[in-house]
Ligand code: HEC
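The data below hold one chain only, encoded as structure tokens and taken in the form predicted alone.
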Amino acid sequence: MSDQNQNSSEIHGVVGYYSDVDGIMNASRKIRDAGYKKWDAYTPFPVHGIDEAMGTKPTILPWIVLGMGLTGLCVGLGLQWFTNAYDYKFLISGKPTWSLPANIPVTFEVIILFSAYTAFFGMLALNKLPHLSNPLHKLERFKRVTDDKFAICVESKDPNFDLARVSKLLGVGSEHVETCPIDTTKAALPIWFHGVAAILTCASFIPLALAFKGRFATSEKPQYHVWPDMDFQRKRKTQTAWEGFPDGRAMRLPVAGTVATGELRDDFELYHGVAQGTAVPASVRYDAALFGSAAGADRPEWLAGFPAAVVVDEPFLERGRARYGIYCAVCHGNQGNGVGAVALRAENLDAAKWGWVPPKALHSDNAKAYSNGELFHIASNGISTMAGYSAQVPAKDRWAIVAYIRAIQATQALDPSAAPQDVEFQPVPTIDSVRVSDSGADGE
């Protein structure tokens, strides 16, 4: 070992400086071919192809990120399956307790969370960062690397390091070659830094203390708003008192004789299910005695067919099928047999002791005896323990539900003998079924 090599333990490495891209690319190939491993190239901007010139292998980081992304996929789906479909099953309107589409958004977010953190911290770990001190920063000439110079540093930790040989290799085509001494300065933090750190550490507990105070303490004073934003406005809120009006209320009653835009319901057939000009029952929730042929003289003149404002066609029936599936099937069942998910749950709980009335089978003789207007009123305002849906479903959609109910009644009355053996007969309602049912209602 030469005298130069004997002093290699006192230096960090040898640095060669180059003025252009071609120079550092050629030097990188020479160092690579010489078999050195502990070295790096420094450029003021990304240089295309320098990875190949240095012999740098592709990073394993993408595979690590892929593995953690797949882990996030399993964790996201598994957690939702465990909480919703296994540990705490919760039935909502007959929907399945577990389905893949409904759980994709949360799963996607968990994948992104796992992948992003893995990419960030994995990059730091693979690059052995953070590296708070580097002897190269002590070299005055090395500062030009962030501006217009290129440099290569071969570290003395390389097992093949030879000071003379490395200096000769870096000297070919370089502007300057110098050794970088080991940084022997102490890395102790200044005293003032410890004081500032202690103050900041104590101050970091203040928000937590305020949060606990706000959680458990009470106060008669209003909250202090640093940024009031829209918390305080020159307006009056609903259901509040205000001396600005004679009656002392902030809310105003509608002006007598006025109707809001789109709320003029002068079409009795469309909005009430009775013949035009007929008196509409004042009761919002109708008693069962008002319906059917047994209602007597108090029975309103219910509409037998459909209002002139609606056109009963295939799209109308399809609309009724969709609305029925959303609002009605949970109780009355998809086939109108009165065995929906809610009805089954009520039966299991013995809800009859609380006054629960089971939903009617829509293809029963009693339900078939109702006119279209009666069915519309029941769908709008409810009957017995059934609540009305006039607030949720527009009038035309309620008539579409009536049309679909007529289709269910007509198809359930068909002869099931043509159905295959061991297969439950579930005929599909069609537009012709509605027309047949409608003509039958008119004829009664």
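Residues carry their position along the shown sequence, with the first being 1. Everything numeric here is computed off the predicted structure, so don't read it as measured data.
A second form of this protein, the form predicted in complex with the ligand, is not displayed here; the remarks below concern that form.
Novice: Which one, V154, L362, A151, L303, lies within 4.5 Å of the ligand in the predicted bound form by heavy atoms?
Specialist: Exactly one listed residue reaches within 4.5 Å, namely L362.
Novice: From the list Y271, F142, F114, Y370, which entry has a heavy atom within 4.5 Å of the ligand in the predicted bound form?
Specialist: Looking at the other structure, the residue within range turns out to be Y370.
Novice: My question is simply whether Y389 lines the interface with the ligand in the predicted bound form - judged by any non-hydrogen atom within 4.5 Å.
Specialist: Result yes; Y389 sits at the interface with the ligand in the predicted bound form.
Novice: May I ask you to check whether L170 falls inside a 4.5 Å heavy atom distance of the ligand in the predicted bound form?
Specialist: Although the ligand is absent here, L170 would stay clear of it in the predicted bound form, with no heavy atoms inside 4.5 Å.
Novice: Under a 4.5 Å heavy atom criterion, is N366 part of the interface with the ligand in the predicted bound form?
Specialist: N366 belongs to the contact set for the ligand.
Novice: Even though the ligand is not shown here, does G214 get within 4.5 Å of it in the predicted bound form, heavy atoms only?
Specialist: Looking in the predicted bound form, residue contacts with the ligand do not include G214, since no heavy atom lies within 4.5 Å.
Novice: Please pick out the stretch from 328-336, 241-249, 161-169, 215-223 that is in contact with the ligand in the predicted bound form, where contact means heavy atoms within 4.5 Å.
Specialist: Going by heavy atoms within 4.5 Å, the stretch is 328-336.
Novice: Checking a candidate spot here: are L375, S384 and I401 all in contact with the ligand in the predicted bound form (at least one heavy atom each within 4.5 Å)?
Specialist: Per the other structure, all of L375, S384 and I401 touch the ligand.
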